[in-house]
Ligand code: NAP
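First, one chain by itself in structure tokens, the form predicted alone.
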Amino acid sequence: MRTTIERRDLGPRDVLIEITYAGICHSDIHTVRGEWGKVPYPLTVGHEIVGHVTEVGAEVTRHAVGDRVGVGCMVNSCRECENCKAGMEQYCLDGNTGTYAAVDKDGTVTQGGYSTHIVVVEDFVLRVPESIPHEAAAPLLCAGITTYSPLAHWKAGPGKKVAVVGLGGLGHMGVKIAVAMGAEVTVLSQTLSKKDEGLAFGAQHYHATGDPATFETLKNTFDLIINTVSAPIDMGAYLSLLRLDGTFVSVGAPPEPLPIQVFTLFNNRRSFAGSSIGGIAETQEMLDFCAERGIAPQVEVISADEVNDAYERVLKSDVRYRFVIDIASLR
């Protein structure tokens, strides 16, 4: 279904972006299906957005007409709380303003990137390096930063053993980034069906979690585990894979609670943590990191008319590895 959405008039610090590509995130599906709570329909989703600046407000200094830019999962925050002042707008104590399904400072409901244009205050617009293919840049604004942020925070690098749970849209980016940081990387996937791809992305090891022997073999192994799946898992089994002071970080968001037996944490002084996206500065850092190291997601470009089919394929894990909508198909 296509419809018309209204964008606010350009304010003095706003940037008007003509969107070229928009990635499809599992969060889009959770949202439109009401799995994460009440939805302010009608709603246009999409928070992996790339395009070009076509107009700027009178006071804009960071961007100019013609710039190659991106917009990720948030378009505003309070800018005043301690987290915002520390450059972590994603953890705004007043709640950051999501790119869609949120109430912006002007009282309007934000509408996402499955659209031809978007207006965003300049502070939340990212510079997209020219070396990153335009269509491949879109998923970096969510899948890229969602995995980069915990890997950077928990200092994945030389001498660290990192496991990535799931080799989907998030997981394949987690593998590529962790490898580029210098970590020894293991993929933990239900089966070995994607083993060749995981190793091609740079992972040194690949194990099937559908085989109970995997959890015995890898017990007390990892410094850091990044869980990218949005489905229930056996937390006790996965926590047992952490070595002393190891951390299990969930970036996937299953609708159901994840039960944890606290005694599993006592063993080896393990930690269980969650991580959101990154702040604007860190997201720019991630884009520059990926540009310098030639990292880009594997994408399948589709037209706007294929979105419903793409959603069904995402739910079946039938995508290698991120769908990106060619917004020209909307014009």
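One-based numbering along the sequence shown. Keep in mind the model is a prediction, meaning the values are calculated, not measured.
Missing here is the form predicted together with the ligand; even so, the following discussion is about that form.
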Which listed residue (189, 110, 186, 77) meets the criterion of a heavy atom within 4.5 Å of the ligand in the predicted complex? 189
Position in contact with the ligand when the complex is considered in the predicted complex, options 151, 71, 167, 163, heavy atoms within 4.5 Å: 167
Tell me which of 196 to 204, 77 to 85, 152 to 160, 138 to 146 has residues with heavy atoms within 4.5 angstroms of the ligand in the predicted complex? 138 to 146
When the contact criterion is heavy atoms within 4.5 Å, does residue 293 count as touching the ligand in the predicted complex? no
Is there a non-hydrogen atom of residue 247 within 4.5 angstroms of a non-hydrogen atom of the ligand in the predicted complex? no
Taking 4.5 angstroms as the cut-off for heavy atoms, does residue 10 touch the ligand in the predicted complex? no
Within 4.5 Å, heavy atoms only: does residue 277 come near the ligand in the predicted complex? yes
Looking at the ligand in the predicted complex, do all three of 20, 327 and 331 come within 4.5 Å of it through at least one heavy atom? no
Judged by heavy atom distances of 4.5 Å or less, which residues of 295 to 331 approach the ligand in the predicted complex? 314, 317, 319, 322
